[in-house]
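So this first bit is one chain, no partners, the form predicted alone, shown in structure tokens.
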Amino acid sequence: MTSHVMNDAAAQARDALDAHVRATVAWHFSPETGTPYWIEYAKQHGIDPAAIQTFDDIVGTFDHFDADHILRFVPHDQLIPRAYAGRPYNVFETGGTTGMPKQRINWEDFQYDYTQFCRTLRDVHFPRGGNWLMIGPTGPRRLRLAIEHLAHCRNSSVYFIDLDPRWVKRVLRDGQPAQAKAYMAHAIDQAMTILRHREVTALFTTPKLLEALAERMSLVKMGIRGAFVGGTTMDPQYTRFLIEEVCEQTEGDCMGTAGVGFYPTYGNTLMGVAPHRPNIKENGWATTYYCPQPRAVLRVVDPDNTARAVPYGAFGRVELTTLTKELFMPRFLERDEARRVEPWSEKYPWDGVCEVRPFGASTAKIVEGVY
């Protein structure tokens, strides 16, 4: 693609983002449709919503979203847009930390996000009508419903093996790795039972559990054709191991037909799901993700001056802004850091994030668990 075409695509994406910002702000700050929390916030901080015309205005107007307080302790009726008043909603918990959980209320966002994501999956790896197996956290988390919705989009059904990531993190933090390993083995035992008695063609799980499953059997010989993974760090060396040894992909763009198609993803309850750029091998086995802009915007910022994005190629802290009719969440600082990557193609003409890892992982050991 020529730089001229790419520049045009980037300019159009920026215009579309700014238009989406104006529409989302108008929705959440309107007396008719708006969110009580944000309407009151504007009054208290002297914000004129009509003055917010671009995404840069979001950065210049709002402090970082205090998810630890807002999602834990602000009453849900303050977070419901008036346009949604009276409609029942889903409550999804985020992350794997203990104590009062962070909760996001949701109506249709996750279905929309995963319907869009479905278009990135290839039929050869996720054949329509084939059964899936998810090994991961279900319960109060979005993933159970999201993965099932994604499978249904492909006329597929899902078997589930549940995990409690909070328990795994707790035993690891308490210095009990043997308990964490036993819990992982318990999950894999259950998965093996399903795979022996049910025909399954696709998996969703974490990288560590995918590796643990492959230690028991060949995924290819078991009939698995696609693996959709996420949840924990994958550095380039580990990514290459997963692709070549676990998924038995030795040629092509890591999504060939000889082995298991490998689909790493980055996402969470607050953002949705970001697909990866499928040229991992050409990129030195580093995985790059592009968020579903304009509904979500990722910036890689200087931790010491978060108004400033780091240069391309540099590591910084990941900042997420979510812009949907259900959730307005400006400038939330994720617990991740990543390398800022240039726009990729006409399809993703905005910044990407690469080599995502826990914030501070370069200077301290971070407990991630199996999730």
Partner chain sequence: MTTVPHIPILRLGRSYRSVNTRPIVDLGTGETVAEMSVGNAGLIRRDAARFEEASTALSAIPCRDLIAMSAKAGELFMNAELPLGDGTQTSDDYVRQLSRTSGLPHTLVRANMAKVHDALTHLEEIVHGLTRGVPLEVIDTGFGEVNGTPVSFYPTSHALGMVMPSNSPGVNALWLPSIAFKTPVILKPGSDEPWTPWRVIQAMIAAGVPKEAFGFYPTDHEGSAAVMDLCDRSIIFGGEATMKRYGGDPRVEVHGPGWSKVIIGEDCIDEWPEYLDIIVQSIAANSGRSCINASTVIVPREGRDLALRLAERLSKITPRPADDPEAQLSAIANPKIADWVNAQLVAGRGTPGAVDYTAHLRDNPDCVVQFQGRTYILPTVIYCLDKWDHPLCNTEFMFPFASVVEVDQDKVLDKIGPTLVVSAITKDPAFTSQLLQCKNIQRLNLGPAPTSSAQWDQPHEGNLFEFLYQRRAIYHAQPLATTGAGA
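Numbering follows the first chain given and starts at 1. It should be emphasised that the depicted structure is a prediction, and the values quoted were computed from it without experimental measurement.
The next section is about a form of this same protein that is not shown, the form predicted in complex with its partner chain.
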- request: Could you work out which of Glu282, Asp174, Glu215, Glu251 is the residue within 4.5 angstroms of its partner chain in the predicted bound form, going by heavy atoms?
  value: Glu215
message: Exactly one residue in Asp162, Glu148, Glu211, Glu108 has a non-hydrogen atom within 4.5 Å of its partner chain in the predicted bound form; which is it?
response: Glu211
message: Quick check on Val301: any heavy atom within 4.5 Å of its partner chain in the predicted bound form?
response: no
- request: May I ask you to check whether Thr193 falls inside a 4.5 Å heavy atom distance of its partner chain in the predicted bound form?
  value: no
task: May I ask you to state whether Glu93 is within 4.5 Å of its partner chain in the predicted bound form, using heavy atom distances?
output: no
message: Check Glu245 for me: does it contact its partner chain in the predicted bound form (non-hydrogen atoms, 4.5 angstroms)?
response: yes
field: Candidate spot Lys181, Asp235 and Arg240, all three touching its partner chain in the predicted bound form (heavy atom, 4.5 Å)
entry: yes
- line: Of the candidate stretches 136-144, 268-276, 151-159, 284-292, the one with residues having heavy atoms within 4.5 Å of its partner chain in the predicted bound form is 284-292
